[in-house]
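What follows is one chain in structure tokens, specifically the form predicted on its own.
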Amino acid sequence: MKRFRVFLLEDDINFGGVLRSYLEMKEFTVQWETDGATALERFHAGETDLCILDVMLPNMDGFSVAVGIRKQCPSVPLVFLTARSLKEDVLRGYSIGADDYICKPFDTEVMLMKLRAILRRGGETSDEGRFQLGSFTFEFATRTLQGSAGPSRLSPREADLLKLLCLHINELMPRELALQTIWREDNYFTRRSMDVFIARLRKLLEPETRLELISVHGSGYRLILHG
């Protein structure tokens, strides 16, 4: 199993140490920096699979570091992990090109699932954007679900949701992960919206008897491919 290399920028010594230990326990290799300006000097594009950046840092803030990293490596995934939760900060993070913006405090298991989903997505080639689900073939790039009765065109969110389920095939896909990854927020309306999309996907997948899309009460969903 590949050990993904994480570039961690966090100036809080206690929090940074705990987070590094947690990621290393989960089979990541971590380069931990505590100063924004120094971190940018020590970042090497070819040695990093994903960056986790705090925003409030000495000498250079995380947004500026992210811009510098983007100049060196436009494709490396960026995740902001910060206590700054104002809307303008979140929008600025995404405008720079962040793959996610996680506000402290956060659930470590959900964060881990987000990181793994980003890394899976980032490592895809065109072939890896195709998922075989029994008699169905799902092409994420074209948002097409091809079955024996012909193709079905999915909406962007249906495609995003099905892709996330495919990446967690036979495993639990946490509800919060889908809401934060696809809808970017978790509230009554986004939860109800996701329930509608789950129902639509369940109906589309119904002809394949080996597939089962089940709801796990209070936790999330499982897309199970039997036999």
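In case it trips you up, residue 1 is the first one in the sequence shown, and so on. None of the values given here were measured: they were computed from a predicted structure.
Just so it is clear, the following notes concern the form predicted together with the DNA, a form of the same protein that is not shown.
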query: Selected contact from 63, 197, 43, 28, since only one has a non-hydrogen atom within 4.5 angstroms of the DNA in the model of the complex; finding: 197
query: Location of the DNA contact in the model of the complex, chosen stretch of 166 to 174, 183 to 191, 50 to 58, 30 to 38 [non-hydrogen atom, 4.5 Å]; finding: 183 to 191
query: Touches the DNA in the model of the complex: residue 146 (any heavy atom, 4.5 Å); finding: no
query: Contact flag, residue 157 vs the DNA in the model of the complex, heavy atom cut 4.5 Å; finding: yes
query: Distance check, residue 70 to the DNA in the model of the complex, heavy atom within 4.5 Å; finding: no
query: Partner contact for residue 21 in the model of the complex: the DNA, 4.5 angstroms, heavy atom; finding: no
